[in-house]
Structure formats: structure tokens, C-alpha cells
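One chain comes next, on its own, written out as C-alpha cells in the form predicted on its own.
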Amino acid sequence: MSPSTATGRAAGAPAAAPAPRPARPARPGRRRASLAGLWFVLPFAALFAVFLVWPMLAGLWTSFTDRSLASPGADFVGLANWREMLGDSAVWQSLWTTLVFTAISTPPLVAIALAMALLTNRAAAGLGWFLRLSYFAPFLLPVAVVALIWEWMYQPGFGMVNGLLTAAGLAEVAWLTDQNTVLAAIAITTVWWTVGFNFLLYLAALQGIPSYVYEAAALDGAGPWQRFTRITLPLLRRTTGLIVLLQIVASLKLFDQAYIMTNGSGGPGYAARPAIGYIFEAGFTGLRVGYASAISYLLFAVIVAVSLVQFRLFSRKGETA
């Protein structure tokens, strides 16, 4: 070792910091790629603005006017429609009907879909194909066809549902003409019609769970129920959250099947008239588009609030899991 090297190490002089590298200028190719991406997004953004953003803003403005289908003009009335809406008992009755329908239809749509997915996932190849087709086929039917099928099935005297009840020694039920059963009848129809979509989501999630996880649990002595509660359900938590969120939003938008199965009357005592049904009546029967717009934004606020609460609850469960 040379004396100069020893002297430098003994002095402990700090090493000189490397000079910072100069920033590279942006490449023209990257700029062109960014601009190309914007051009690809532009058509969707334009359609999104024209067919969603603009109608939402126009509907919000309409709620502050007295716009009517009976007259071409519209005057600004401020919060008059909103004050009338808050004092309208029919608004709150229809909103309550929508919430009750959501409460009675969402749990079976989740539980039955999970049961069908578990059965299909464990079935043989040929039987599994048949079950997939059978479970998902009703979802492909138009709502008018579904409503008419079940309206005939609910008919007293010759309907299949009441026929099964009488065969079992029970009395017939006036499913669509009794205000205590009409909403439940529509909920049963909705479950049969739409459960296939939730079934596919659960089936795809189940097929994504590795088989070695169950094999390891079986080697450790876990039974079928323990494997279901300790492995399957926790791994399906995110899928369940998605299905519940989608189902709540879809149930809050109830209209088509209720309108067709009650012939547009909302059922006896308006027991099956949802919020969108009353919006339809106010806007297209009463011709009061401004008032209907105010009610629609009340429903929109309810849907957003319920979705945020549900999303928050599942987010907390995911953090603690």
C-alpha cells in the first residue's frame, strides 16, 4: 500500500458525491403514443358526455322548472318541485315499496346463486354443462316474456303455483290481487329471472380457487363444512361484495316486471308501485316532467347513499380479514 493511499484513508476524507445525471428530454415517440391514446379514448368520452353527463345535468335543471309535456315552454320555479315532493305521501310510499322489495329479493338472489354455483362446481363435466345452461337460460329472456309467464302461473284456478298449493291441501293465494302478497310474487319472479347472472359470477370465482387449498385442508382433518366456512366463504368475500352491490342497485331500479304484472296499476293499494313507477306516472301520465325529475334525483341520491354504505362495510370487512 502506498503512503499516499494510507494518508488519504487515515484522514477520512469523504468521497465525492456522484454528479446528478441530467434529465432526459421526453422522447417524441412517447408523446405521439400519449396523443394516440387520447384519440382512442375520445370517442368513448364523447359518447359518455353526450348520453350520460349531459342528460344528468339537463334532468337536474329540469327539476327546478315547471316543464310539462302539455306545453312547450318551461319556467324556473326554484325548489317548488322539491318542496312538493317532500310533502307527497305517494313518493314515500313508492320509495318504501322499493326498499322492501330490495330487502326481500337481495338475500335469496345471493344465497341461491351461491348454492347453485357450489352444486355446478362439484358436478361432473356433462351434468355441469347442463346445469350452467339451465340456471342461466332464464336471464336471457326478455322481461315481458318473464312477466307474462309468471302472471299465468300465479292465476287462480288454472295457474301452476296455485295448482301445487291445492295439490298439497292448501288454499289458493291471490298472488297478484292481494296487497299482502303482490310484492312477494314479483320478488319470486325476479329471483327466478335474474339469479343466473349472480350464479355465473360465483361460479367463476369458485373455479379460481386452487384445488390444493382444499387438499391441504383435508389432510389437516378439515371436514366439508369447515372447508366451506374457513376457505370458500372467505375467498369469495370480494365476489359476494360485488354481487350484493350490483343486486341492491338493480333492485332499487325495479320497474318493468312490476309494471307488467300489475297491468300498470301498481297493484292493489299501490302495494307494488316502485319509485320508478311513480316517476313514470308523474312524468308520462301526469305530464309533469319537472316534478318527475325531482323525484328521480331523490331516488338517485338513495341509490348512491346505499351503495356507498354497502361499499364501506365490505371495505372494512376486507381490511379486518
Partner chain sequence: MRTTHPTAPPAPGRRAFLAGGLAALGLGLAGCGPADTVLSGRRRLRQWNLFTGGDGARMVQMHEDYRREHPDIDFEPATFLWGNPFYTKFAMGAAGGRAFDIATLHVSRIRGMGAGTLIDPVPTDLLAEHGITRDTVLANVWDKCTVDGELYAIPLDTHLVVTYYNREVCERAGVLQADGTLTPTSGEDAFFDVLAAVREVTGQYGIAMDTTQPWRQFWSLYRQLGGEMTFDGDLVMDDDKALRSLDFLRRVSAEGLAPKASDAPGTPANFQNGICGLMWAGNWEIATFADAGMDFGMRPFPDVYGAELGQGDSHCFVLPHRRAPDDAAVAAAVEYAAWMLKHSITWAGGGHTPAYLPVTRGDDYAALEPQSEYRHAAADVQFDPEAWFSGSAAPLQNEANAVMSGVHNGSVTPETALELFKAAARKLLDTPEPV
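Quantities reported herein were computed from a predicted structural model and do not represent experimental measurements. Numbering follows the first chain given and starts at 1.
Here the subject shifts to the form predicted in complex with the partner chain, a form of this protein not shown in this document.
Participant: Using a 4.5 angstroms cut-off on non-hydrogen atoms, would Gly208 count as touching the partner chain in the predicted bound form?
Facilitator: Yes, Gly208 is a contact residue.
Participant: My question is simply whether Ala171 lines the interface with the partner chain in the predicted bound form - judged by any non-hydrogen atom within 4.5 Å.
Facilitator: Close contact is absent here: in the predicted bound form, Ala171 is far from the partner chain, nothing within 4.5 Å, heavy atoms only.
Participant: Hey, in the predicted bound form, is Trp225 touching the partner chain, heavy atoms inside 4.5 Å?
Facilitator: Flag for Trp225 set to no.
Participant: Taking the partner chain as it sits in the predicted bound form, is Gln155 near enough to touch it, meaning that at least one heavy atom pair lies within 4.5 angstroms?
Facilitator: Contact check for Gln155: yes, within 4.5 Å of the partner chain in the predicted bound form.
Participant: Using a 4.5 Å cut-off on any heavy atom, which residues of 117-155 would contact the partner chain in the predicted bound form?
Facilitator: Those in contact are Asn121, Ala125, Gln155.
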